[in-house]
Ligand SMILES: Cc1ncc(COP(=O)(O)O)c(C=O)c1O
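In structure tokens, the next block holds one chain alone, the form predicted on its own.
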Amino acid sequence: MATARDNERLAINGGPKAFPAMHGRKKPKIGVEEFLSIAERFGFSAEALERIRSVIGDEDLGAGPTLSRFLTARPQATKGEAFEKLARETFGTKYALACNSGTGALHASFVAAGVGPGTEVIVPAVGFFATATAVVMSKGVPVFCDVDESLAMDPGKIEALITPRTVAVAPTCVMGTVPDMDPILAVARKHRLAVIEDCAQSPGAKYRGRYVGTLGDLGCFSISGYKIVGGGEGGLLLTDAERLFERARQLAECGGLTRPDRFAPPRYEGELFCGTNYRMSELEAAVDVVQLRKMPALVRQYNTIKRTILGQLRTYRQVVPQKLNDAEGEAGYMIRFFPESVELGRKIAAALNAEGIGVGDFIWPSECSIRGPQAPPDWHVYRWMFPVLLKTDPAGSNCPFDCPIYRQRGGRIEYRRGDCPRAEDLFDRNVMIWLDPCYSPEDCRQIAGGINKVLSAYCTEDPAATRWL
């Protein structure tokens, strides 16, 4: 029988524990209500939610889940790791880093490649603003390169923009299409520049048999609800270079969170620096690992549908189709062409909509359209990227554009409308026809017939005009 003296003995010395067990009933931190909130966001009806609620309770969860990747007992069991593993296997790269956005992946890539004060990066004049802004966030200066009729960076315009300050080139995929990577890579290798591919708008597309995002030094993707792969807000970074991967992860993982020994001194020069948190959430990864499995088949569907339609189109004197750098490799969820005038383009777009062509809602509700020079600002063409063009920063120091290091290296840049005339003209003048991956062969036949019908009404058929494929 325990005595009072025994009860005073420390447990570490063989005495009884002061708190042997918890009497309160433990509840999971994340329980059924959170699960139902996710189900509600998925769009299940109120009746379906009630059916789910009727068959599950917090007691079914035990201690409940942790949705933190780094608190999971077995890291290999996380959805983030599953997503990265699938990305490595799918794209055939040594390293993959799941990020919370394509912009985060770009920022991490630019920093990894050495973009910083006093440096410049050549970026395309057409493409989402994130490419240029990630350069600025890395304290580099974006230099806009004009485009050709693919709407991607014109390889012939790059070399004239290279200076002693240039450290990287960032070719960007545009709405499912791919840049002409061989000549871009040739120029970059000649001048020993890093190539950071921005493939946000073309995940799963290929150039001459290789996935975009695997041809340069680093590849960046937006894996999001706005793209053909992704459910919410996510990103992905790919590389085969161990040092680039470690530096990118250093920026994206809070300055070394996932190093073998996070508290150790640097293993090599340039390994350690302050970072931020671009980590993909476990909930996002749970959706995206499923989405990524669907990607190859979905891209094949899009590509087959587009080429089937283009193969049935006649050629017209007043219309130039978008240049396709790899017709068999692009993702192909849009048909673009350039009428000889905006006025003609507006007539064609209105007539195509009236025929029911280009109207869909696979990614978002859309219709056949053309911008024109009087359209509102759009961050997909350089002339409207005001946060870059105005050369401002949150502190009012105009860094990196007026950075002393940049000035000392001879840097001085002015952004003016007309710097990239082809980009301005083609972006305003292109007609866009959205495609749906569920089109049947009969749908393709009818759509091609409708496009021919409209173009024949407004244009002159000419077998010698530019072909669609």
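Don't overthink the numbering: it's just position in the shown sequence, from 1. Note that the structure is predicted; figures quoted are calculated from it, not measured.
The same protein has a further form, the form predicted together with the named molecule, not shown here; the description that follows concerns it.
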property: Interface membership of residue 172, the named molecule in the model of the complex, 4.5 Å heavy atom rule; result: yes
property: The named molecule contact at residue 239 in the model of the complex, heavy atom, 4.5 Å; result: no
property: 4.5 Å heavy atom contact, residue 201 to the named molecule in the model of the complex; result: yes
property: Distance check, residue 106 to the named molecule in the model of the complex, heavy atom within 4.5 Å; result: yes
property: Sole residue of 227, 306, 247, 79 within 4.5 Å of the named molecule in the model of the complex, by heavy atom; result: 227
property: Residue among 325, 166, 101, 322 with a heavy atom within 4.5 Å of the named molecule in the model of the complex; result: 101
property: Among 107-115, 393-401, 188-196, 122-130, the region lying within 4.5 Å of the named molecule in the model of the complex by heavy atom distance; result: 122-130
property: Heavy atom within 4.5 Å of the named molecule in the model of the complex - qualifying residues of 416-448; result: none
